[in-house]
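To begin, one chain is listed below as structure tokens, in the form predicted alone.
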């Protein structure tokens, strides 16, 4: 089943401490963002990529896309003040679509078969997200004191992509904007409509590169992927 994807690359990534947008950091001499875009560029079920960027980096993004041509990037749009606003801008750039994916530009290791399963679930249930069960013990802490140990069998760490019927996610964002609601992810906006969100189990390699240490993990994941191919 075909889909369109919004790739978010407008964040500042301050926790990476790189002095610039982490999307331009090199992994095996290739920019992080290129690794991510290639996932969708090489997926035959992807119709188009809407790339959301920081306006101040338009020249750098333009140069990057000239160096690494991506024929499926059909629009480059401006990000907003918050992630949710950036997604909203991306949605406005999508013309005709049944299923829309929303993905973090800093997650370069999602696999095609997980994307395909996600799209299938969204087509049936209107909304779906990738995730993995949490592995660590989770405790609620207040004022540096543990107040509760949370039973973890029902807890999942949520990833992207998240997938939605186009009409559903458009409505969710419109309602959130009207109500002044700012969610932690797009699935939470759909939850606010009373709509169920299906979970599709991904894998633990689908990390979001956030801190300098994550670059070490990225190298290890690439090595593993090379050994498995």
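These numbers were taken from a predicted model, which means no experiment stands behind them. Residue numbers count along the first chain shown, from 1.
There is another form of the same protein, the form predicted in complex with a small molecule; it is not shown, and what comes next is about it.
Residue heavy atoms within 4.5 Å of the small molecule in the predicted complex occur in exactly one stretch of 64-72, 182-190, 164-172, 196-204, and that stretch is 182-190. Scanning 76, 158, 155, 123 against the small molecule in the predicted complex with a 4.5 Å heavy atom cut-off leaves one residue, 158. The candidate site formed by 83, 104 and 107 is fully in contact with the small molecule in the predicted complex, as each residue has a non-hydrogen atom within 4.5 angstroms of it.
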